[in-house]
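Here you get one chain, nothing else, as structure tokens; it is the form predicted on its own.
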């Protein structure tokens, strides 16, 4: 089979295309023939030696997320059978078996059935972004712990950076769950993308007074913030947060340190919740996978330009260029076409 492999950390130049034996699934594992592999920031960071990739040795295949068809199952696996169309998450976490190859073997709990009519592109676009968004939307002091239609009814959610992959998924999931969704963006193009994703109020923070616009839209404040850049947005978040509001931080865009006005935060009983998908635990991952699959079945998580998330495609042999595109901050979802599999079972 064709596989992208790297043996040492570094720039995208360390990635190479090789022929490898098709792996066999052990007990509790599933072999998936990959149709589409997805690239997230965590993938190039791990390859470069940062993030969870620090200290890893030996040959590895990158990319956490993807979608395809179950090809074989190991002993004891009953959740899927050969022929099932599936999406995968955290395929390369603490394993050398990412999705940038024609076949990959992963634990059964990281393989989720795709609902009927949901494309491989949609499935590959879930994983890290959608599961991170799900976690961010379920850490509020008053709940909910699960997402479903109506679960966030009456709540106002602020999504920082609504044009990014996590921001896009957060808008869609919050909208599906019934929240009023406010988002901040930095350009008219990104504003259009966020609106297409389902945001109710879109604020261009470079052209508007974001705090004033958000407070006008939500006079009682924002219940939950999905935050990508706490170092830059701490002051804004404090200015718009409701009493007992929560700020869920999933990234450190803009820097690793932040300054907080202590009095302003304890006066409104504010809660900061930091989250890293890799270490949230099996229960949180399983819950997210179930809710995301339900949202997919409801048609709530479309991808593509019309849905506010342009798809940027690469061939498997161009995986290095795909990594570079994500590292350089391309707007949209970067996908790698691995195999032309039937769209339906």
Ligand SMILES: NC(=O)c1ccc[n+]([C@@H]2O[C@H](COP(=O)([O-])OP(=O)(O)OC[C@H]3O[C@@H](n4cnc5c(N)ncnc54)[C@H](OP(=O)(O)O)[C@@H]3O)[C@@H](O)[C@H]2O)c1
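Please read these numbers as outputs of a predicted model, since none were measured by experiment. Residue numbers count along the first chain shown, from 1.
The same protein has a further form, the form predicted in complex with the ligand, not shown here; the description that follows concerns it.
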Exercise. Using a 4.5 Å cut on heavy atoms, which of 200, 253, 109, 84 is close to the ligand in the predicted bound form?
Worked result: 253
Problem set entry | 242, 80, 213, 275 - the one with a heavy atom within 4.5 Å of the ligand in the predicted bound form | 275
Exercise. At 4.5 angstroms, heavy atoms only, are 117, 134 and 176 all close to the ligand in the predicted bound form?
Worked result: no
For this session: Indicate whether residue 229 is a 4.5 Å heavy atom neighbour of the ligand in the predicted bound form.
Result: yes
Exercise. Just to confirm, residue 166 within 4.5 Å of the ligand in the predicted bound form by heavy atoms?
Worked result: yes
Problem set entry | in the predicted bound form, residue 41 touching the ligand (heavy atom, 4.5 Å) | yes
Exercise. Is there any non-hydrogen atom of residue 257 lying within 4.5 Å of the ligand in the predicted bound form?
Worked result: no
For this session: Heavy atoms, 4.5 Å, the ligand in the predicted bound form: which of 183-191, 263-271, 147-155, 94-102 makes the cut? Say which one.
Result: 183-191
